[in-house]
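One chain comes next, on its own, written out as structure tokens in the form predicted alone.
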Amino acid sequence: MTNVDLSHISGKLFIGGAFVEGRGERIDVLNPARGEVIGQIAATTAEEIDSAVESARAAFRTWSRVPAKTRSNALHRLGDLIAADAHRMAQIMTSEQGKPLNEAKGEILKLAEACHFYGEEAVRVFGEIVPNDQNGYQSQVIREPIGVVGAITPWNYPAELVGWKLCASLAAGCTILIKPAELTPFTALAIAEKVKEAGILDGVVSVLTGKGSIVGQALVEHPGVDKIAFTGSSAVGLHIQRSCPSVKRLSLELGGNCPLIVTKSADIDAAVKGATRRSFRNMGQICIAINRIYVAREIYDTFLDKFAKAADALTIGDGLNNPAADIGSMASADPLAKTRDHLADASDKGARVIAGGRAPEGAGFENGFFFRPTIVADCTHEMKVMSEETFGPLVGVAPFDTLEEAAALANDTPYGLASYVFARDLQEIYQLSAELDYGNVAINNVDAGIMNAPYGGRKQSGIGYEHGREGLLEYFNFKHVRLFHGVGA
């Protein structure tokens, strides 16, 4: 049985470029596949938060003024160091989050990719010269880093969702205080190790552990924090927006409840493959997971039969012992309980369970948060699985008769992060891509986000963007400098 040594970062905070022993109470961190304590984090105290903010503000005065090329080089060094240590960092992630080791390593490498992408973008931040309505004047529009960023990150992708904020902040010239989820703090502390190894200026990056309701909220309320970048639930995002005691810049990437539409012209096998991957990858614990599927009635039964077989064929296991498993454990008891609740609700209201519906049996599953990939058919919008974000390995399926009906059902949600379509008819493709009210629409694929294109939601799925140039611009203020030089006046 593989174990990971976390003693060197257990109980530590990263402040002012150094790992320090946290002074607050200790909180156990579990391996969710085994139910074992793997280490502890320190609940960051108010004094430690103030110290980190002070360090970040002092570092900002220097970091914001270093040449963009210097920041770019630092990000490239960071990316190289992370990629070189991807296996060890992936072991840390799997031990605290539960996803299979191979998948965790892929996430670490995507973090390295984000470092390199924003390292390149750092040297391409341009201003503008804006024409004036009279001679003798020139207007410059320049971009300046916002200041100190408070990044509050979730447990489902504990490297990537830190990385998007970290890399954009550093590229822009901001400093950043990272508050990782208390379920998965050690991945963020492992990233801090690489920040130190890369020689990034002390105080530019800090990692503060503890509960979101205390440490995260302290960052939201702190007068020395200029921007909050948050990924998590819509309810918490709304609370952050409401609870800011002063005006702050916000980037909020929130819930999904994402639909898939499979039209009668679709390649059914491709649709099944995509649905299987995006419904159950990371045990459905992803904002862009497919929660609900609408299938043209003509192919409904065929799709269900193939989809059920594909779901039942997925392998599940302890992510450290079985690195190549399709799925691992869930991250904690809470999303597992919600999955069971949504399943029971659907069953009580007439849905058919056609795959999964129970925990796996056998040695190795007794102490972990495991559940089989589960499909319920003949669903309606009176069921929670179709109207709420489950965030677990459960997906509901329903038939439709017209494209207008499918689009209306897909849009019948307060969320608007990502949607998916499988179709080969161009008219169907263009009609649905126009009508779906989502920030991301993926057609004949299930990868709704790529690093060099903007990624963000609509409605209750958030405000602001990550990825791409747009993600970098979220960390800048714009300044208009209007100069009278007198030439030609």
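Here the structure is a predicted model, which is why all the values come from computation and not from measurement. Each residue number is its position in the shown sequence, starting from 1.
A second form of this protein, the form predicted in complex with a small molecule, is not displayed here; the remarks below concern that form.
J.: Is Y455 close enough to the small molecule in the predicted complex to count, meaning some heavy atom within 4.5 Å?
T.: Close contact exists here: in the predicted complex, Y455 approaches the small molecule to within 4.5 Å, heavy atoms only.
J.: Does A355 make contact with the small molecule in the predicted complex, using a 4.5 Å heavy atom cut-off?
T.: A355: no contact with the small molecule in the predicted complex.
J.: Residue-level contact is defined here as any heavy atom of the residue lying within 4.5 Å of the small molecule in the predicted complex; does W155 satisfy this criterion?
T.: W155: yes, in contact with the small molecule in the predicted complex.
J.: At the 4.5 Å heavy atom threshold, is K211 in contact with the small molecule in the predicted complex?
T.: Because a heavy atom of K211 falls inside 4.5 Å of the small molecule in the predicted complex, the answer is yes.
J.: Which single stretch, out of 84-92, 236-244, 300-308, 196-204, brings residue heavy atoms within 4.5 Å of the small molecule in the predicted complex?
T.: Contact-bearing stretch, as computed: 236-244.
J.: Work out which of A192, A171, M330, L417 lies within 4.5 Å of the small molecule in the predicted complex, going by heavy atoms.
T.: Selected residue: L417.
J.: Would you mind picking the one in I176, V385, L75, A181 that has a heavy atom within 4.5 Å of the small molecule in the predicted complex?
T.: Of the candidates I176, V385, L75, A181, A181 is the one lying within 4.5 Å of the small molecule in the predicted complex.
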